[in-house]
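Before any questions on binding or motion, here is one chain by itself as structure tokens, the form predicted on its own.
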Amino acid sequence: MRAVNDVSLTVRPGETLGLVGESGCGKSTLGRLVLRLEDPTAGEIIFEEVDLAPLSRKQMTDVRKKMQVIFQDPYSSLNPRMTVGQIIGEPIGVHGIMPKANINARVAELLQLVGLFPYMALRYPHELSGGQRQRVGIARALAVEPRVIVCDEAVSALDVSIQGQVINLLEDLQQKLGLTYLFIAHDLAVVRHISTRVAVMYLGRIVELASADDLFADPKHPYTRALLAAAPVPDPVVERTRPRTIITGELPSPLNPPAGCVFHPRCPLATEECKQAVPATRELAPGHWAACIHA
């Protein structure tokens, strides 16, 4: 079984690369591999001209200061036995970023940076709302002054109104601190709003990659078209009249993926050729790549 297969991506400094796809397609696994929370069986993970794949746990310690993660569930990702101050201050102490006497002041500064009050450092996670807990998770990620943050479904567990606040916070922090995001999500509206470029993933493979504007304006891969067609439009007239691309069937099992193009069992354009060979990823327009022989 391969959760992620022949994936090649470049995340440029200061950009947000959105990663979208169905549940179970390998998005979170790819994010965990980038952070070396999972060990790759093959391939390279190049960060600042260093391949992280062969590094030991001890060698990864210094790298962890530069790469952080914001998890999907803001409750289960926070230790319920620790106060907010202890949660945010722990990585500062572990990495020896500053003397212990200065940590409380830094925690108060980080809380204000993410829109919370300094007195919340004395509270426990269960005393906060979902949006406040996610802000604590963001503050914890920022505590070690990282350069890259993997946002793994960072807003999908939040109410829609809170999602907007957290997305705006992430954008503001990116501008202030020069952060780079790998933004994993399945909500296309959120991805379109925050992303510089978007990669579409299906059954462990990248099937399309383009700038956010190009991908949403002119999707090349039939799977991407189907994803965009399934997203509701907040205009009943447009919603009733726009063309539909319906995907039939279920996502194949990663234990036994189909031969050839992995999307061919559900693709409305599939031909006999699609069943034989894995399609090469081609640049169909400047900066717009797709893995489909019919694109």
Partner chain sequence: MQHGIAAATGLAQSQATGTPPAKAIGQPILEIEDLHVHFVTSHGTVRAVEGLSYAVHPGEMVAIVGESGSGKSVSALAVMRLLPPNTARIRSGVVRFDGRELLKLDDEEMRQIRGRDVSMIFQEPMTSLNPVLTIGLQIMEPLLIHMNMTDAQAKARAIELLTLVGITDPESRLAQYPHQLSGGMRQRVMIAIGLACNPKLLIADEPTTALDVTIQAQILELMKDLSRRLNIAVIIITHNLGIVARYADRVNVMYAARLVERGMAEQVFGRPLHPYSRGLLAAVPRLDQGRTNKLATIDGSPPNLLNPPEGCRFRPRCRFAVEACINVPPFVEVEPGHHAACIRAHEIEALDAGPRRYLRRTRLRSRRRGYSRYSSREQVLPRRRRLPEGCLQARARSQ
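The structure displayed is predicted, hence computed values, not measured ones. Residue numbers count along the first chain shown, from 1.
This protein has a second form, the form predicted in complex with the partner chain, left out of what is shown; the following refers to that one.
Contact annotation: G178 falls within 4.5 Å of the partner chain in the predicted complex, judged by heavy atom distances.
Proximity of L142 to the partner chain in the predicted complex falls outside the 4.5 Å heavy atom cutoff. Contact check for N256: no non-hydrogen atom falls within 4.5 Å of the partner chain in the predicted complex. Although the partner is absent here, T41 is not a contact residue: none of its heavy atoms lies within 4.5 angstroms of the partner chain in the predicted complex. Only one of the listed residues (A53, M60, L37, L228) places a non-hydrogen atom within 4.5 angstroms of the partner chain in the predicted complex, and that residue is L228. Exactly one listed residue, out of E109, E90, D213, D73, brings a non-hydrogen atom to within 4.5 Å of the partner chain in the predicted complex: D213. Listed stretches are 220-228, 97-105, 116-124, 78-86; the contact stretch with the partner chain in the predicted complex is 220-228, by a heavy atom cutoff of 4.5 Å.
Contacts between stretch 3-17 and the partner chain, counted in the predicted complex as any heavy atom lying within 4.5 Å, involve S8, L9, T10, R12, P13, G14, E15, T16, listed in sequence order.
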